[in-house]
Structure formats: C-alpha cells, structure tokens
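A single chain, nothing else alongside it, follows as structure tokens in the form predicted alone.
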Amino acid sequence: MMQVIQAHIKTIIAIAAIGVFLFFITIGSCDKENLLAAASLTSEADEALSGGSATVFDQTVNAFALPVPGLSPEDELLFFVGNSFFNQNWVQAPSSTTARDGLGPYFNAKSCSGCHFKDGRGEPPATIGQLSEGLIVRLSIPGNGAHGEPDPDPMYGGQFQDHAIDGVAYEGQYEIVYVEVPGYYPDGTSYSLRKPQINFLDLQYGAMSSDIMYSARVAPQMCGLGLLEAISEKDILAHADPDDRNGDGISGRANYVWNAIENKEQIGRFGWKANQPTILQQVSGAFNGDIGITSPYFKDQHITDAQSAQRKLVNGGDPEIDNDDLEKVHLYSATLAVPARRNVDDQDVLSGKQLFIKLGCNACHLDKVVTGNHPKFSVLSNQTIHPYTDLLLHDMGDGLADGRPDFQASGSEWRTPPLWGIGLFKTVNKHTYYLHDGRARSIEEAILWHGGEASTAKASFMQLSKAERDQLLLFLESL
C-alpha cells in the first residue's frame, strides 16, 4: 500500500514540475516577445514628408519634376510654361525661333535640362567632347574681383566652354582620368575609391595661366530649392560655429557672396560652395554661363580678349531671355516638390537612422528644419522639412579639396549638400554618381571620401560591422 502511495506522490510531483517548467517557459516567451516589442523602432510622425506639405509621393522617373501641392491655378500654369523653357533647346541666332535664339557663342549645354535631366543630377562625361550631361569646369586664377568673386582666367574666363556655335572654335576639350585608390575596413573588407584628374586638350586660344585653378562641378538635383531659400538667415547662422567653440571638431560657417541682382552682400545658399544667394541669381547665372544666354541681370557674353572676334556676332536680342520668361523659369525652379521618403518604417532603415545620428552625421546634415516666410511663394512658408543640410561650409579635407577659393569658401570647403532625393538618382538619372564632381560611384564611396571636419564620423562608420554599414546605407537610400 505504501509503495502505491509513494508512486502516486512521485507522479503528482512530476506533473507539478512539468507544469512549473511549462509556466516558466511561457513566461520566458512572453518576456522575450515583450523585450522584442520594446526594442522595435518606430518612425516619427510625418517622417516620410521630406518637404512638409511640399512633398509628393512619386518614385518614378518624374520624382523630381513635379510642382509642390497647393500652387494657385495661375502659378501652376506658369510652372508648366517654365518647364517648357527649362527643357527646350536654345538655338543659334539669327533664327525664326526668336524667343529661343541666342545660344552661345560658347556653351556647355543647349538647355537647362541638358545638365539637370528630369530635374535630377548630372554626371561626368563618358567620352571626350560629349555634350554636357551635367558637369562643368570652373576656372580662376589667384585673386578676387571687385565683390570678392573668383578672378577668371584671362584667356578662357571663369568657366571652360567645350562647345561653340557654327563657325566659332570651341575653347577646347577635356578628359577626366581616374586613378583607383584601394583601401580596407578594419574588419578586412576591401573597397576602392576613384580619384579624378582633369586634362585639358586641344586648347584653341592659347595656354591657360600658369597658376590656373579649376574645379569640376556636377549639376545637383533641383527638388526643394524653394524650401531651402525659405529657411531664415537667423536659423542658418544658429548652426554656424566657425571657431569650433563647442569642441566637437565641426566648425561650419556661412559663405557671404555678392547678390548682383540686389547689389548687396548676402549669405550664399546654392551651389557646391554656396556661391549663389538666391534661386533667381542661380537660374540667371546658369543661363548665362552654361548656355550663353543673356538676361536682364547678366548681359556679358564672357568673351575674352583672345576671343574678341566673337563680339561682332549676331545675338538673340538684348537680353536674349526677357524678365517675363526668366521669372517663369524662376518659379518653376523654386516650386519643384520634394519626393517622399520610402520604407520609413523598415526596422533596418530605422536602425540606420539611429546610426546616422550616433555617428554625428546630423551635425552637418540637419535632419529637421522649419522654414520661415518665403518672400515670393507662400506655399513654401512655415514647413517642417527634412533636407539633411545646414547650408554651411565645412572643411572636407585634402582628399576632396579642389584648391579653388570661391568668395569666402576656401579650396577645401564645401557646402553641406541636401540629401533628400539621393536614393532616387538611379531611378531618375540612371546612375549613382555622388559628390561635387561625381567621383563617388555609390553612397558608400561618398562617405569614404569624407575628411577634415567629417573625419571622426567617417572613422566611426568604418568601425561599424558590415551589417550596421548596410543599415546606414539603407537609411540614406530611403531619403
């Protein structure tokens, strides 16, 4: 009898033990699920709206080419008229197409879209003599002009023109030769960067100055320019730290440039070295410098003494684009919407965002800004935007230096470029060339070129595991 009782007791104990075991297994599973839930990352409210209410949800080849929502019917009509002037080719004068003649006599492109195809990003030329697909070469010699601007080369001016109208010799040609620079991450993963060298060929008007300085510049994406113009000067300067008083190794500063339209010095916001103060001046300067079209603000054809015979050529009027048509292109350029971000709730993208902040990348690439009042387009005012730029100059080190000062920007300083839209370059422009001269073949290569004030952030990026680096790149590709 006693043996039977003992057997029952053992059975009861065994059942109880199993129950306790299952209980703790269940509790452990719940705790694990709770911990995973706690570790789950979430996006911020409206994080996909890179341009605030000036955002469009489009991931196609037209992602950079759409007007901001909320334009008045009149402005929307002018937007599409401006679009036609942006995209159609200019022709040599005299021509029956009087509204679009006056090309050259020297030029890099025949239209705005020749550099900004689909309002996107340009790329280095694949062959010598190729009509520009979005890269120009700036020229200067030591010294400054009357307002602090770079001094042009006496023979070839301030911009190298590799095309000319019929009957005129182009200035010359150039080729870009790349040297591969191999390297390794601390974990042993290899990479290779390409370092560009520009060679000038077939110069038609004599030798350049012996102390010539030159810099290749790729045309950036056009989206969101008006929003950047709407950021108040006070808010831009709030992030400047020229003497690095906080000791973080980052000393962004504003470039002060000459506003030729308003005849005053002003903060530069546009261009790779922040050498243009407004969209109107940027547009007018591009018409003049890239296509050879004069406007009410820039009437010089930039014909040097060595090219003086071209001063007798017939032009397309004085000016070749009048203020009314120029303002349509101005409106178009200022009111291009920003494409929305993709995959903002993806856990790897959110982890990449955390790493972006942890590494200090957002010290220059500001992730959130509130615009002020835009003086011309109210639809751009008071918007919470995510441009990932501070619009300030930063020393990026010897690796990226072009050695060519531009107003107050030194030869190693560059404006922080906005990152919105960078994940769509391949869709819109069929390439993934980054940085000011298109040398980087991927976002990863662009990061690895960072130096100077960005040296610490780059070193921290290199210390990440392969999985973490991939997460950071996924985040950037979502922008």
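Keep in mind it's a predicted model, so treat the numbers as computed, not measured. Counting begins at 1, following the sequence as shown.
There is another form of this protein, the form predicted together with heme C, and it is not shown here; the text below is about that form.
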Requested in this report: Counting non-hydrogen atoms within 4.5 angstroms of heme C in the predicted complex, say which of I385, V257, V329, L103 makes the cut.
Outcome: V329
Report summary line: The listed residue (I447, L49, L424, L66) that reaches within 4.5 Å of heme C in the predicted complex by any heavy atom is I447
Query - Segment assignment from 205-213, 339-347, 283-291, 92-100: heavy atom within 4.5 Å of heme C in the predicted complex - result: 283-291
Query raised in the report: Given that the partner is absent here, does A54 sit within 4.5 Å of heme C in the predicted complex, heavy atoms only?
Result: no
Query raised in the report: Does any heavy atom of G360 come within 4.5 Å of a heavy atom of heme C in the predicted complex?
Result: yes
Report task. Using the partner position in the predicted complex, report whether Y170 sits within 4.5 Å of heme C, counting heavy atoms only. Result -> no
Query raised in the report: Does any heavy atom of N429 come within 4.5 Å of a heavy atom of heme C in the predicted complex?
Result: no
Query raised in the report: What residues in 373-396 sit within 4.5 Å of heme C in the predicted complex, counting heavy atoms only?
Result: H394, M396
